[in-house]
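Quick heads-up: the structure tokens below are two forms of one chain, split into structure 1 and structure 2.
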Structure 1
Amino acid sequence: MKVLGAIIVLLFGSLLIYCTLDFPSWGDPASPASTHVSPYYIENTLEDTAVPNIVTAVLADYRGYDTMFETVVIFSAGIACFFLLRSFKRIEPDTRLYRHVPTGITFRIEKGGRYPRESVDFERIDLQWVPHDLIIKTTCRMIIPFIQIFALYVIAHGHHSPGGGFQGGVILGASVIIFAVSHNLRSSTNRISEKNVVLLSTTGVLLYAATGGLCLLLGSNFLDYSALSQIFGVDSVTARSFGILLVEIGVGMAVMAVMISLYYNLASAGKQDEGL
């Protein structure tokens, strides 16, 4: 198997290396890839959409239909992971662990026993619990608001600097994941529950589609944002940049929710009780 695989890989590689002889040399401005359609984008983006970052403009405006279904692909990946792993049978573990916070005593309660009410003093802990690390918890608590502000900045400022819905959404999701890693999964699901995560992801995709549909209702093509000028009361070029911002917010919401949902399902193997 090993030899056969190596032979196949070598054949594949030599074929590709033979093909590189016909390539334009690296960084050639007159290569076929950069002569047909991309000069149009580079030269007309600023006049058409008033967005200096060409990548954002092409992503959300010229190729908005493409990006919409990319978002749908991500959404369906989140849903697929949910249906593969999530177990709806509520299997209670045999024992539960509770911890009395002021004294640090751990209670082990067998099945059938009376569970204490969760409060500031009593907290339920994971079966593989390790003592709290004050340094890590405090640093994460301090750093998470800045991460979220940065993520919102990335989404909103994607017109002028690198960034946009995908990156900002991933960073927002990462802030929640950092919280879940530094505390535990239960305290993270208490703040953003699974239901809310799925709702957010659908809302994101629907916001994208609704922006396109709004353009249809206003008597223009699907995802042609210049029609939005009737609502915002601005000229059609600025309306296109507003439309791009709306779409980016939708993408950001969907991506954030899918990332959180993937982490919840993978880290708890679908049971959503104990994470990493």
Structure 2
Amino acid sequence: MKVLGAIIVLLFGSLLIYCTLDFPSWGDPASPASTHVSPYYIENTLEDTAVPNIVTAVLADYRGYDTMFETVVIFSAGIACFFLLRSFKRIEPDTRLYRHVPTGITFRIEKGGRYPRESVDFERIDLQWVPHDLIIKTTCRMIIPFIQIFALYVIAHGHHSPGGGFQGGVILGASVIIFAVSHNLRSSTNRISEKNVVLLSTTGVLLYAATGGLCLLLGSNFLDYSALSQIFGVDSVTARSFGILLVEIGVGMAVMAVMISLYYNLASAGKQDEGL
């Protein structure tokens, strides 16, 4: 089976390399992209979409299909990693650690032994627990809201300045990971659970596709945002700008959720119980 797989990979790899012979030379000013596509984007983006950021306009409007399927690829990769990494077999550890919150004293409870009820006085902690530094925890709690506000700004303002859904989604995901690292995995999953992460990633992809489907219902082409002018009550050019914002929000949600899901499973060996 391994030999067959290697042969298939070599055949397809050779085919792809052969196809590159038809590509124009690197940096060729006479290539079709340089003589037709790029000049049109540069000269007409602002007029067509009311979006000063040409990169965002190309990704979310002119190449909206490509970006939608890029989002689907990220979502599919996240689902694949979930099934590869997630451990659905719940194994109770032989021992559990608890910390008495008022005093900070930790103690170990053997499997089958009596343990205190989890409450405000007793906190269950990871078996590989290391006392967290008060300065690090406090600093992270102070800066995480600002990181998230900046991420929302990057998503909302990505079509007017550098940024967008991919960048903003990564920053949002990183803010949750910072919280999990500075505190513990359980504290993070209590705030945004595995179920919510899956729902967010699915909602992000569906929001992108639903925006295109809404354009179809309004009598236009899929992802032709100018049709949204009937809903927003603006001209078709401004409607394309609003449509770009909608799909960027969907991309941001999907990227953020996939990042968080990957961290949850990697940090806990798929158990999402004990971990960093």
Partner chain sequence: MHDLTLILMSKLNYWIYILLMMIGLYAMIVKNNLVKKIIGMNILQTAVILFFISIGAKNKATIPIIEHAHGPGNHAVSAAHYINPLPHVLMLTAIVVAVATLGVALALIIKLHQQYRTLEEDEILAQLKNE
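Given the structure is predicted, the values throughout are model-derived calculations rather than measurements. Throughout, residue numbering runs from 1 along the sequence of structure 1. Superpose the two forms; the largest set of C-alphas matching within 1.5 Å is the rigid core.
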Of structures 1 and 2, the one that is the form predicted on its own: 2
With the core held fixed, Ser14 moves its Cα between structures 1 and 2 by a number of Å equal to 18.1
